[in-house]
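Just one chain is shown here, as structure tokens, and it is the form predicted alone.
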Amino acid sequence: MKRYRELIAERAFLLSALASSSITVAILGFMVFMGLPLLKQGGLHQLLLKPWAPFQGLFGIYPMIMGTAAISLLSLLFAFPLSLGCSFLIGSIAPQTVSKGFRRLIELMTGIPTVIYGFVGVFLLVPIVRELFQSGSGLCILTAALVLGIMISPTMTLFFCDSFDRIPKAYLDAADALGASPVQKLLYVILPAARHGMLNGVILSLGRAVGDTLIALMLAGNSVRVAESVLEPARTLTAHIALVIAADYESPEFRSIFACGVVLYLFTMTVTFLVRYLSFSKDRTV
């Protein structure tokens, strides 16, 4: 009887896994199918590498790809040192009671809705950037990347903290016994031992930055040309989808959002495979 129940449970889990995988593949197939008329009209090259100029018959998403890359990578650049400092404070320097308080606060920040970060950026950061650099309206790549960096920082910090917690205590005790300072312990013990977990946190945070819509929509300025500096406006793929989705169903503009979806899908899939590969490499070397 017990074996029979286990068999039923195994089959149920297998069906669930197959259904999830099929839905994921079906979503990709649906996006490719819906974007196919636009691909036939101009080809993949024009779609990915040409500018967005609907009145000239060009529906390329190249400016949006560049805007997405600029904002997400710059936000990662802001978030990494902030997250590293917070996680080191929580995991190594602060007393246990203070460390627990900071950790709860960081966990609370991960639950704040994105639109709240966007409002703070619009009413606080945009005027500061505008007055500080005396260039444009303040709605630009820099503003969006700063707010996005703050938004993804709690997630990255928690990943870093978990990686630090998994370091064998004997390593830290050995460093203390040798008289290592906190900075030396961070550079020569903690970072090398926690690098795999930290890399996973960085990659997953990058995925969240790429997939965010509201911050880019509210703060990046939504210009459809390639920006030449971080103080110029730009549009991301997700913001483009949100802005163009109201277009006519059969229009090339509407079809372009499926091309954006395919690019985002492939990027997310690449990030997921990269994380799996890194975890597999770690398990193999242990």
Partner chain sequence: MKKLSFIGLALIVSVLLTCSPAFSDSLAPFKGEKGTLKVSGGTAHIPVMKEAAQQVMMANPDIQISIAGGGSGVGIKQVGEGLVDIGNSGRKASDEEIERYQLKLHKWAIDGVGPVVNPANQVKALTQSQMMDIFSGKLDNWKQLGGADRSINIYTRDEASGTRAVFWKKGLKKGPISSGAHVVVSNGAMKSAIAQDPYGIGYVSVGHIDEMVAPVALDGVVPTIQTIQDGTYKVARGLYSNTKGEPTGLTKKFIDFLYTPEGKKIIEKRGFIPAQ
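What you see is a predicted model, and the numbers here were worked out from it, not measured in a lab. Positions refer to the first chain, counted from 1.
Keep in mind that the form predicted in complex with its partner chain is not shown, yet the notes after this line are about it.
When contacts are judged by a 4.5 Å heavy atom cut-off, Phe30 does not count as touching its partner chain in the predicted complex. Its partner chain is not drawn, but in the predicted complex it has a heavy atom within 4.5 Å of Arg130. Of the heavy atoms in Leu139, some are within 4.5 Å of its partner chain in the predicted complex. Contact between Val189 and its partner chain in the predicted complex is not found at the 4.5 Å heavy atom cutoff. With the partner omitted from this view, the residue of Gln184, Thr110, Thr213, Ser92 that lies near its partner chain in the predicted complex is Thr213 [heavy atom within 4.5 Å]. Partner contact region in the predicted complex: 118-126, out of 142-150, 118-126, 170-178, 189-197, criterion any non-hydrogen atom within 4.5 Å of its partner chain. Taken together, the three residues Leu73, Gly201 and Ser229 all stay farther than 4.5 Å from its partner chain in the predicted complex, as judged by their closest heavy atom. Within 4.5 angstroms of its partner chain in the predicted complex, the stretch 221-246 places a non-hydrogen atom from each of Gly221, Asn222, Ser223, Val224, Arg225, Pro233, Arg235, Thr238, Ile241, Ala242, Leu243, Ile245, Ala246, taken in sequence order.
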